[in-house]
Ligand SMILES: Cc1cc2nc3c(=O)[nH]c(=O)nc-3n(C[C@H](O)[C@H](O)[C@H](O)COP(=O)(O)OP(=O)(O)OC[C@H]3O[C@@H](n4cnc5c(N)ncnc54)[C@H](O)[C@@H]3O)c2cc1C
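A single chain comes next, written as structure tokens; it is the form predicted alone.
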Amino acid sequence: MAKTDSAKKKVLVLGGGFGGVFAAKSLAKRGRDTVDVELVNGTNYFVFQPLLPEVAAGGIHSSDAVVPLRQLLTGVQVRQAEVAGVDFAKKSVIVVQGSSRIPVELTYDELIISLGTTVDLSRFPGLPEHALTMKQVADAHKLRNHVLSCLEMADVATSPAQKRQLLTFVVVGAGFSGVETVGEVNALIHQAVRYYPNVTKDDIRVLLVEYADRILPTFAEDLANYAARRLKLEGIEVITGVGTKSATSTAVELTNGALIPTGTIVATIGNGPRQLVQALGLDMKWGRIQVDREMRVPGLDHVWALGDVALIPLEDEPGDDPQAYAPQTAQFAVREGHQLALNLLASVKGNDKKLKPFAYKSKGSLASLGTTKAVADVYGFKLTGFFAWLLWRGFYLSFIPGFQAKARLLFTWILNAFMPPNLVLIQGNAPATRYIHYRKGDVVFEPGMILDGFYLVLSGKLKLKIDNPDTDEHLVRDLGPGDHVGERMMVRPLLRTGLVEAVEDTEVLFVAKKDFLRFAHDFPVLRKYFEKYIEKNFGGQGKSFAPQGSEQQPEMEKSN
């Protein structure tokens, strides 16, 4: 740990979003003789979230949407670590850092909580397991690769139903993030489709679903209506006044009963508090930490909060009016950071009377619609179309911290105006385990498909049917909670399956093939269980459903 001047106060900033970064930056600049500032963040970079839709569409590289914290925050000690807990009585924070994952205790004189929010889709059955999100750079990469993968598979699909499902893309939520994401993804798909000979633009279906009566609810109605018309002109179906009810691996169900077959659901809704924030024991409202107008946490000395995690009142008696609190936008978080820094420095110097309540009026709002169109409301002036898009780009370019980041982004924008889209598909490592939901009637496996993993039924019911055309034998089994499919890969890794379909709404735990084979091979108890299970259920006298027949089952194969 770096040495600090004992005469200075130690300020610990938790979180490297807009609020935390600009608070730390202002403190380092204005209080260099008064405070030592340390910022703790899970990554060593600052994410400019408004640019994530362009990263997802391949318009810019991920490095153009991030700024290294150490370059951005001169005069601030940056620590890449995970915050594990806070002890307000001891004025200390426990973080987990490094490859050894050893907990480290950091003490503070002043604490700033700027941990942001996380995605919480738990109110929508199936959505947490099957929806893509747009919070981090990795999310944008995952969405881009997923879209390109759908195009690749659709180009060789032989089933019309499967092709329609692959080429249907649903974005849930029509706020800033949802509108900009659907616009950019739609542009990527239509730019790329000419490289796929078996996919036409008429095959593509892109939908934007919004529970409110109109999209972009924070914009003036005429601008929101223009945005909706513009999106429709680009072929996007805009559905308003309808919410999302549930999702499976094959479809999304809306609150009006409509069922949309799709393999792509992007959720830009459902912000919620992090588990750590919930565990702090602070007064919460609407999932955010309640603070006073100076951004102090009531009941705790020397603790402050700002950004998305904090509920900052804009009036002395805000009550339950959401408009009476600072919105969760980057524009407000930046101003909160500057004001909190001034208040904290005044407090450290004993000048509590100089603390100022946070007050700020938005300079306006901008939203990109893709294809060089946008809507803007700046200082009361409304713009639409190409000039609004130029203003959108200019505004965010000026907003990005750091000259190098600005120059790199501007160069990328200029270059991409003359270059075709990059369709390189770089697949990351899929999760070893995940939960999958199936709706009644869904086909999990068609006869002849090669198993890709192990499926453990958690709830509901599946039906397995295997036909042996050589012996005219038929195997039919109902699979309920605790039953499983895929264990026969242990003796025949390229095993083809029979028909598996859901006879009830079903949830399964999926374990990737390689990970299942490793675990089953090297865990003797599990290995013996599956050997007996395969023999009992698939390999008895005169049966031909065991892998490679019942009379010869090779030694279980170890997966590397």
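Keep in mind that this is a model prediction, so the values were computed, not measured. Residue positions are given as counts along the sequence shown, with the first one as 1.
Not pictured, yet referred to below: the form predicted in complex with the named molecule.
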(message) If the cut-off is 4.5 angstroms on heavy atoms, which of these, 162, 328, 347, 97, is the one near the named molecule in the predicted bound form?
(response) 328
(request) May I ask you to choose, among 151, 207, 83, 137, the residue with a heavy atom within 4.5 Å of the named molecule in the predicted bound form? (result) 83
(request) Heavy atoms, 4.5 Å, the named molecule in the predicted bound form: which of 122 to 130, 255 to 263, 170 to 178, 435 to 443 makes the cut? Say which one. (result) 170 to 178
(message) Is it true that 19, 41 and 333, all three, sit within 4.5 Å of the named molecule in the predicted bound form, judged by heavy atoms?
(response) yes
(message) Residue-level contact is defined here as any heavy atom of the residue lying within 4.5 Å of the named molecule in the predicted bound form; does residue 276 satisfy this criterion?
(response) yes
(request) With heavy atoms only and a cut-off of 4.5 Å, decide whether residue 497 touches the named molecule in the predicted bound form. (result) no
(request) Using a 4.5 Å heavy atom cut-off, state whether residue 58 contacts the named molecule in the predicted bound form. (result) no
(message) in the predicted bound form, does residue 308 come within 4.5 Å of the named molecule, counting heavy atoms only?
(response) yes
